[in-house]
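As structure tokens, the next two blocks hold two forms of the same chain, structure 1 and structure 2.
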Structure 1
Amino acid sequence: MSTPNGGLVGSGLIVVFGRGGSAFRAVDQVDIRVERGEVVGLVGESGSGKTTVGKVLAVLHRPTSGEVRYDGRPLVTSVRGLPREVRSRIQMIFQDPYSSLNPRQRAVQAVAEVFRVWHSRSRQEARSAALDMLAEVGITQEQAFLRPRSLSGGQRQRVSVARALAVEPHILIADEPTSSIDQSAQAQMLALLTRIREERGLGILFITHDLRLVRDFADRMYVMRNGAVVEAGATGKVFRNPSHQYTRDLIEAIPGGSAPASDGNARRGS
């Protein structure tokens, strides 16, 4: 299957953890695709395999079988073996922001490093670009000079988003990127992601347990259960006509939840 827009495609993905009697299939025959410029929601019960699929797509975890292609080219090796160019195209924001930040680096250093290493900016430029990027996710100058230990949970989450965006990836795999932040900060971050998607054609795999976010931001969505994709399609369609009980339950549980006005992202560009 070719992906003219330079998409990220995982096909026939299987991930087995453990061996012998305790072997456990965390991901079971998953086909998934994210193209540039689109937001794809990935939802599912806790433990259903969302993060594992995300890591496989970000080439951070090797699937037991199946393959991942980007721009039509297979990505089979571990991250270190990939060409630098491809590595910078796909970024992942991790579910636990604490473990993904270097405890010794101040927020500004963590982001400036990206500008220096990936975009060959001078020290000075990198620093000011980093402060700008951090400001966009709502991190003030003062907070930018703190180390992860001194940042609050929500601040940490925003720093790891800033760091991933600084790479200027084509595809962003965002694993619960707004779970620790309040509504205002959430709105700010989603507006930022929407803007980058429009300006640079960023494609986003949005892993979340919050169906409201999927309803409002995703063009398409996948629902996982026990390692398998049990439902996939345009967001509007899935919301209007969910075929799986789990999806129905989740939609019903949304406070004031209902279907979006049209297929895909109803509020794009607003």
Structure 2
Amino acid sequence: MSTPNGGLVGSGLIVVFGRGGSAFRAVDQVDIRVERGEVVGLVGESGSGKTTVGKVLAVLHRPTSGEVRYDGRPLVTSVRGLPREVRSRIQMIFQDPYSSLNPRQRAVQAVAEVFRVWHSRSRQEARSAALDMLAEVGITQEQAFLRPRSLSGGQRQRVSVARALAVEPHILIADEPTSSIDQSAQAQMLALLTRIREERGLGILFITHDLRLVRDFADRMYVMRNGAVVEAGATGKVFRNPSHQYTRDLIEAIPGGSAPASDGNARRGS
């Protein structure tokens, strides 16, 4: 697989948990790529292996076998072994924003910490940059000085996005970023991700169990079942003419299970 624009590629990924008779193959020979400027959906039911694939691509979990490459270069299997520049290029947003934030830190402190560690900003410079970044993702100055418990689920997820963006990534891996927020906040989150993709040229791997969101958001998609990819292609093509029965069943189970607005192109949000 080629990666012409600073892309991220996983080839032949296998992840096995346990040993001997209790061994479980959570990921089974998965090939996947995400290029800058595109949104790629990775969809499957709970336990399909999609989150594990995301963690492998983010170099947060070591594959049993297979290879991950970024911008054509193989990545080592430990974050500590990665050059600082490479570590900054791939960032992950986790499903539960509350658990990914320090409950004792105010939102502005959580983001300012990133600017101090990654960009060597002074305390004052980091605080100013953090407020600007939080404003970019829709967090008001008043909200910026609240702790996670005082923010809504959607607001906490926006803070998580701000922290990830502060590192200046090229690839964003979003693991079920809308599953813990209500439908209105989901739409706002998709609009936010669409906007930052367009403004920053990010590649986004959007991991979800919800095909409806993939239909409206992703350029390309992968469907996983039991650790393996059973279908892949442009989103519009997959929705119009799925080749695997499992994909057909998933599409038929959602309201209006049909193609997105244009073949292989995500709908543009505001």
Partner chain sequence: MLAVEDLSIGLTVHKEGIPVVDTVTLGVEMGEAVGLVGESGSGKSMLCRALVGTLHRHSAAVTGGSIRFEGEELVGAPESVWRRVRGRKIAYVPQSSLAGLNPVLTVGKQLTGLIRSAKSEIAKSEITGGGSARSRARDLLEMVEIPRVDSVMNERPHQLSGGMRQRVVIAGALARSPSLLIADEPTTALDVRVQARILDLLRRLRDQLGMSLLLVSHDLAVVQEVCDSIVVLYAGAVMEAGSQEAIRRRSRHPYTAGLVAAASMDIAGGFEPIPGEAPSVGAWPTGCRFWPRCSLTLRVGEGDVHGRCSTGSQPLPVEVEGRLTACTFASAMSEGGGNRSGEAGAPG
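Values in this document were obtained by computation on a predicted structure and should not be read as measured data. Residue positions are counted from 1 along structure 1's sequence. Between two forms, the rigid core is the largest collection of C-alphas that superpose within 1.5 Å.
Peer 1: Does structure 1 or structure 2 depict the form predicted alone?
Peer 2: The form predicted alone is the one given as structure 2; the other form is structure 1.
Peer 1: So the chain moves as two rigid parts between structures 1 and 2 - do R121 and F206 fall into the same part, judging by which superposition fits each C-alpha better?
Peer 2: They fall in different rigid parts.
Peer 1: With the larger rigid part held fixed, what angle does the smaller part turn through between structures 1 and 2, rounded to the nearest degree?
Peer 2: Expressed in whole degrees, the smaller part rotates by 14 degrees between structures 1 and 2.
Peer 1: How much does the C-alpha of E125 shift between structures 1 and 2, in angstrom, given a rigid core superposition?
Peer 2: Its alpha carbon moves by 3.5 Å.
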